[in-house]
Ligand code: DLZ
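Have a look below at one chain only, the form predicted on its own, in structure tokens format.
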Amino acid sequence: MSSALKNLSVFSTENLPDISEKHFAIIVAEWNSEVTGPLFTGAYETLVKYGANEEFIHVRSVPGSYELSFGAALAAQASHIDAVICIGCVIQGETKHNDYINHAVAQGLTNVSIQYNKPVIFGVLTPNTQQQALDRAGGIHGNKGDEAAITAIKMLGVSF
């Protein structure tokens, strides 16, 4: 849980797998682009920083966070894609729409991951306010896009 005193974008990078030959799909919601843009940049730059080939990072946009599940399914069914990172932001606002959207997206992305046996990363912010979103998209609480990319990299190293 993030607090005013903690930047959560501090993570261990020990023993990361070699990702130089891995293909990543980044699916970005257009809605709340002032938040999803910096999240995408964080994810993309983190992948490159830790060894991803820029030619192997495939980026697509969808209208909103609700559509991330379908975008993720399209990416995951492509045999050359090794991991999918989904970037979105649903701000609570005055209605309960966020409850329905966030639950549907979380369940949808989980189902895609299981169906295609690939990491599908939930890089969707679910803040109460616009400021909380900006604080987590490169602001005082770091960049959750960075964290989503590191999660994808680490999941590619999980094996049994």
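From a predicted model like this one, the values you see are computed outputs, not experimental measurements. Note that residue numbering follows the sequence shown and begins at 1.
If you look for the form predicted together with the named molecule, you will not find it shown, but the lines that follow are about it.
Of these, 113 to 121, 41 to 49, 57 to 65, 131 to 139, which stretch puts a heavy atom within 4.5 angstroms of the named molecule in the model of the complex? Among the candidates, contact is made by 57 to 65.
The named molecule in the model of the complex reached by all of Trp31, His97 and Ile101, non-hydrogen atom within 4.5 Å: Yes, because Trp31, His97 and Ile101 each have a heavy atom that approaches the named molecule to within 4.5 Å in the model of the complex.
Taking the named molecule as it sits in the model of the complex, is Cys89 in contact with it (heavy atom to heavy atom, 4.5 Å or less)? Although the named molecule is absent here, Cys89 would touch it in the model of the complex, with heavy atoms inside 4.5 Å.
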